[in-house]
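Next up is one chain by itself, shown in structure tokens, the form predicted on its own.
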């Protein structure tokens, strides 16, 4: 049995049992992938995949158990490589953080500033995307971690480290009628055109769930990924914006007032997401401890924390 065979099994599952897609990811030919799988099944003495007209459609019960074991084995091998890299690289290396534009603009700058001063030899890269994209980048090893309020669906291959809560606020022109109310309701908000996040972002889902649960259909005039762009349209008098409280300008949002909306839309938890069971490199651990000091990930806890 070879690690390459285990890798092929896992990639076939990841590709939805599409051999052509798996072969592209593995940089191999489709017949080559099929041959490796057949050799492994012969060696183990049982089928791993259910086949219909020579097409793979699912895992057999034995295949499900073996695929899970293969994932664990590959993660352990990857952890060995990361541990060696930690000891070999010293304070030099690369760190890729995947996150939404809002976190990149508001939450990360002070953390990044402190991090690059303390670890000048680490090349830090921030990739911006929506909720699904940042998860995909981590799962595909294109990023070391993501910072987001998602994903909304359970993913057994991810470990989510809770960092802090965020809640919604409403940004409205200074003289807006909502500012005169002592405590606004969802019905009050629905009376005006709304500007908020794109549907690809988890925060949008939380907002819409609250409206729909109350039997309301809000008028979404404009959606965007950038809260600063939303503010531009609020200043133009086109509507009110529902954004995360972290997007407040702290005195820089002239011509607008901020109305707390936590009682309308609840709170969301910002997580750092990493692949389950993989050794957390020291550069990532240092970053996590700066972004969320209460997590206190010690060097001896790295692998344990990723597998919790």
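None of these values were measured; they are calculated from a predicted model. Residue numbers count along the first chain shown, from 1. What we label the rigid core is the largest C-alpha set whose atoms superpose within 1.5 Å from one form to the other.
Heads up, the form predicted together with the DNA isn't pictured, but that's what we're talking about next.
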**Asked** For the chain seen here without its partner, which of 241-249, 275-283, 62-70, 33-41 has a heavy atom within 4.5 Å of the DNA in the predicted complex?
**Response** 33-41
**Request:** Would you kindly say which of 270, 56, 261, 48 lies with a heavy atom within 4.5 Å of the DNA in the predicted complex?
**Result:** 56
**Prompt:** Is the gap between residue 290 and the DNA in the predicted complex 4.5 Å or less for some heavy atom pair?
**Reply:** no
**Request:** Spell out, yes or no, whether the shortest heavy atom distance between residue 10 and the DNA in the predicted complex is within 4.5 Å.
**Result:** no
**Message:** in the predicted complex, does residue 295 come within 4.5 Å of the DNA, counting heavy atoms only?
**Reply:** no
**Prompt:** Can you name the residues of 3-32 that have a non-hydrogen atom within 4.5 angstroms of the DNA in the predicted complex?
**Reply:** 4, 8, 17, 18, 19, 20, 27, 28, 29, 30, 31
**Core-aligned C-alpha movement of residue 263 between the shown form and the other one, 2 Å or more** = no
**Message:** I want to check residue 19: does it shift between the shown form and the other one by 2 Å or more at the Cα, with the core superposed?
**Reply:** yes
**Core-aligned C-alpha movement of residue 47 between the shown form and the other one, 2 Å or more** = yes
